[in-house]
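What follows is a single chain, given as structure tokens, in the form predicted on its own.
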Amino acid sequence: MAAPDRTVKGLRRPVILMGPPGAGKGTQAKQLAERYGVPHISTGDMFREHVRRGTELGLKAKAVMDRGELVPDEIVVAMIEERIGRPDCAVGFVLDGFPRTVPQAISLDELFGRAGRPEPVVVRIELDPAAVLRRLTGRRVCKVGGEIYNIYDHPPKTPDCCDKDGGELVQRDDDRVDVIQDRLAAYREHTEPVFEYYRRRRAVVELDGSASPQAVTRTLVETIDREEARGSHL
């Protein structure tokens, strides 16, 4: 069943998508951004934009990243504050994979409070570790156009060759088993507590990420439309 059409664009409440690596947060955030006509905000995109523009925040972040260290929360939150303060975020936005830690969640709540934003809709896309490994170890990316395949669930017609442009399909460095396991460990240590932080405030909706991307999108849209209609508190 197709998700119901909306006649009004925009989101009254910020949407935060969370979940383990490989759960499909980026894919779903793009779908939501297109459907509701709002920006899709990810920390990775913000870092690249600020570094490219040579902003003060970008230079600070680059110096830290060049040392192989994590960008401090105060820089990340400052970037978020600058981004959601732009005119295109007046109609709402979707945060992809942020906050990653409890201190970041607390800072984000304070930021929303200062800006007069309503309580966010927090969605956790769940996926078990075995499914994460299958998705990520099977992922292949076209070197030419960036198209994404999965050798298990969505293989190309010709092995290692993109159906669209014939480009070579490669595995990303962070899709190796050892790297994925490290990412999952970091997720359990740092991000799982964020769910408990939000859950204590009754502000988490949990969805099954093992379904097809189209099915997850339908459920996600139905959930967000319901929460939008309900108001500022879950």
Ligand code: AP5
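Predicted, not measured: the structure shown is a model, and the values here were computed from it. The term rigid core refers to the maximal set of C-alpha atoms that superpose within 1.5 Å between the two forms. Throughout, we count residues from 1 along the sequence that is shown.
Although it is not shown, the form predicted together with the ligand is what the next lines describe.
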- prompt: Can we say G26, N150 and R183 each have a non-hydrogen atom within 4.5 Å of the ligand in the model of the complex?
  reply: yes
message: To test your reading of this chain, name the stretch in 82-90, 156-164, 133-141, 110-118 whose heavy atoms come within 4.5 Å of the ligand in the model of the complex.
response: 133-141
- prompt: Does any heavy atom of V71 come within 4.5 Å of a heavy atom of the ligand in the model of the complex?
  reply: yes
Partner proximity in the model of the complex: D174 to the ligand, non-hydrogen atom cutoff 4.5 Å: yes
task: Considering only heavy atoms, tell me if G58 and the ligand come within 4.5 Å of each other in the model of the complex.
output: no
query: Can V76 be called a contact residue for the ligand in the model of the complex at 4.5 Å between heavy atoms?
result: yes
- request: Would you give me the residues of 200-218 that have any heavy atom within 4.5 Å of the ligand in the model of the complex, in order from first to last?
  value: G209, A211, S212, P213, V216
query: Core-aligned, does A185 move its Cα 2 Å or more between this form and the one not shown?
result: no
- prompt: Taking the rigid core as the frame, does I151 move its C-alpha by 2 Å or more between this form and the one not shown?
  reply: yes
- prompt: Would the C-alpha of V71 be classed as shifted by 2 Å or more between this form and the one not shown after rigid-core alignment?
  reply: yes
query: Which is it in the model of the complex for the CA atoms of R100 and R67, closer or farther than here, knowing they shift by 3 Å or more?
result: closer
- request: Could you tell me whether M65 and R124 have their C-alpha atoms closer or farther apart in the model of the complex than in the shown form, knowing the shift is 3 angstroms or more?
  value: closer
